[in-house]
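Next up: just one chain, as structure tokens, the form predicted on its own.
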């Protein structure tokens, strides 16, 4: 395989400083990213931008590279070839120490909330502050309670995760991701396992949280197309490790491309085989 040189990649990155869908500054740029695990190729030259201050949804079938894409932007994986940019920082060439500073700019909302079972709701949210800051007790308490109020679980600070519903656990996970005021917020399947009413509530919370934090850039991985088309400013569709489509929700609603139609309708008939 003949891969582009670093100079060629940098030149392409320079052309991607504005997101083509929203017109906003590109906060994150993937430029010709390849990633394989053994003989299994996951990303096959992915080039796409994430606009600053917007909600971007990444969709695609299981195994098409959505989670691998997100892990690259946090420096948890390094590309075999290509570049990943966060603002003006190119991650692939960074030392582990510098990568840690980049990770501090991100909050991550896990699919299952990933709360500590033995800690109260308050202590779960306070954990990142205690680990990474020297915040005084009164300031820490005020910060945590602000987060509890933002996500609507201020009445549950003394409860354990086992005492919470699935929707409440996701709210607490969101509060913990927000407590250090991240520049970027990443959601991994935020509505998986929830009923339609709770799904709508979490979707509303994602939008409310985004607009309550000026400058926040949100990225949502999801299979829930109804939710994606409700909340996203931009939608990115990955197929076989490359960008297949990108556009606004209206673009996807109107598309007659067989790939888009099959994915949106969940049909067994189309170019994507089971």
Partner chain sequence: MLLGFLEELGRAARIASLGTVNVFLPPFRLGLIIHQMEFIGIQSLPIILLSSLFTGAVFTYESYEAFHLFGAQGYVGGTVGVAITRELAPTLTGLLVAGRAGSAIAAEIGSMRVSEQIDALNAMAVDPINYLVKPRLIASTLTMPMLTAIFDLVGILGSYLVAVHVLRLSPPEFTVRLQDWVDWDDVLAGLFKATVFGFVVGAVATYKGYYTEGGAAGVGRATTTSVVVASVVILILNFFIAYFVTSSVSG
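Keep in mind the model is a prediction, meaning the values are calculated, not measured. By rigid core we mean the largest C-alpha set that fits within 1.5 Å across both forms. Positions refer to the first chain, counted from 1.
This protein has a second form, the form predicted together with the partner chain, left out of what is shown; the following refers to that one.
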query: The partner chain in the predicted complex: contacted by all of 110, 115 and 128, heavy atom 4.5 Å; finding: yes
query: Distance check, residue 76 to the partner chain in the predicted complex, heavy atom within 4.5 Å; finding: yes
query: Non-hydrogen atom contact residue 159 with the partner chain in the predicted complex at 4.5 angstroms; finding: no
query: Proximity of residue 119 to the partner chain in the predicted complex, heavy atoms at 4.5 Å; finding: yes
query: Distance check, residue 104 to the partner chain in the predicted complex, heavy atom within 4.5 Å; finding: yes
query: Interface stretch in the predicted complex with the partner chain - options 143-151, 192-200, 96-104, 164-172, non-hydrogen atom within 4.5 Å; finding: 96-104
query: Large Cα shift (2 Å or above) at residue 162 between the shown form and the other one, core-fitted; finding: yes
